[in-house]
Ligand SMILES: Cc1ncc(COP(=O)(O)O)c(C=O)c1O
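Let's start with one chain on its own, the form predicted alone, as structure tokens.
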């Protein structure tokens, strides 16, 4: 067992930031001495003094031998990654300063090459599509289960993964999103067994689950269920700074040398020391206080869940509602998803009122739902304001019937039914000659762009897929109801393969 009370990177950075010396290295503000007054006022002198490059005492992220190596070994033990030959002496945890995005891209690059197949759920993040473009891999899309009654995309069925592998036995890896943005977990253990039976690794986008390892009432972490590689957004739920993430591996199905080479392609060559120190601090906090902090968080979330459920017109999605489906193994109870359609409002309309008028800002507004992240940083005052805000929202919404709220489910179902396998790989579509056409003429053509509707940011059309009428209707509905669309100028016009 390692001494989890240590903070190698954090301590070294604190010492280095206080060392008196003449700085003739980047960044140009020279430890805050050349920073603008407004920036100093915002960040403070201490933060700027700690914005340091890879000085000798701060180690090298791509070839760690000192404090970064020590911090990653501590994280490997705390989060459940193993070391080479079952020890943590050679860590299997990698600190990421380009967010989970670079970790997902590196995971695909480490396991797939041009033309290789990889099983991907259709609700994958844009970073997965970027990894497909970079690697040249061909996705075999598996649709997650969808509940029209809940209006939610659920997990991926193990039998669907098995069927995909039976049809595509040359697949090189399986990738899952678990938990989803809503905290919904697939049966990772069963799917890991299926992947391993075929001799291939299971990669998990666990961006929203870095806290799972630190309390028994949370879902079991993917590493403990047999996943070979896991990417976590340490900043999303724990105490790291935005853009700070980790990649963990376990077992021998991942080529570590290739993974390290892939990370050198996707990571910045100037990693921010503040981000690295925040990862070290977040690990330390969880390893030494995590169970107590998360017990308080779970209790706070449960109290919010109970109180919000009493407000007329609201439905708080609970564990029995989602685990009744075979694709779902568990639900993260710190993630609150609230169906507001009973108020006669869309989630986008409710979000605007809560944010601008009622002092409550949620993580994810959607057409029907609002999703809240309850974390170790939330307080009882936050709970009181949240419950009061939703109560006021329900009062304001009395008698109001939103036309958008009445049509939203049809739009979602239409988009769900349009998901198809790509005709060409995302990489081929990215580099192919293209032309721009009106929406009506785009139906049946192959998209050159990956187009995502926000909320929730999941690709509606992936580069290389055929554009369908349902997908266009979904994009139009999102824009009409206050959301926005990224990727070209859709839904008015589309870039398609010539």
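Positions refer to the first chain, counted from 1. The shown structure was predicted, so the numbers you read here are calculated from the model rather than taken from an experiment.
The next section is about a form of this same protein that is not shown, the form predicted in complex with the ligand.
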Exactly one listed stretch (277-285, 299-307, 206-214, 107-115) reaches within 4.5 angstroms of the ligand in the predicted bound form by non-hydrogen atoms, and it is 206-214
Looking at the partner-bound form in the predicted bound form, is residue 181 within 4.5 Å of the ligand by any heavy atom?
yes
At the 4.5 Å heavy atom threshold, is residue 157 in contact with the ligand in the predicted bound form?
no
Flag residue 93 as yes or no: does it have a non-hydrogen atom within 4.5 angstroms of any non-hydrogen atom of the ligand in the predicted bound form?
no
Any chance residue 147 has a heavy atom within 4.5 Å of the ligand in the predicted bound form?
no
Quick one: of 122, 369, 236, 172, which gets a non-hydrogen atom within 4.5 angstroms of the ligand in the predicted bound form?
236
Let me know the one among 334, 135, 329, 101 whose heavy atoms come within 4.5 Å of the ligand in the predicted bound form, would you?
101
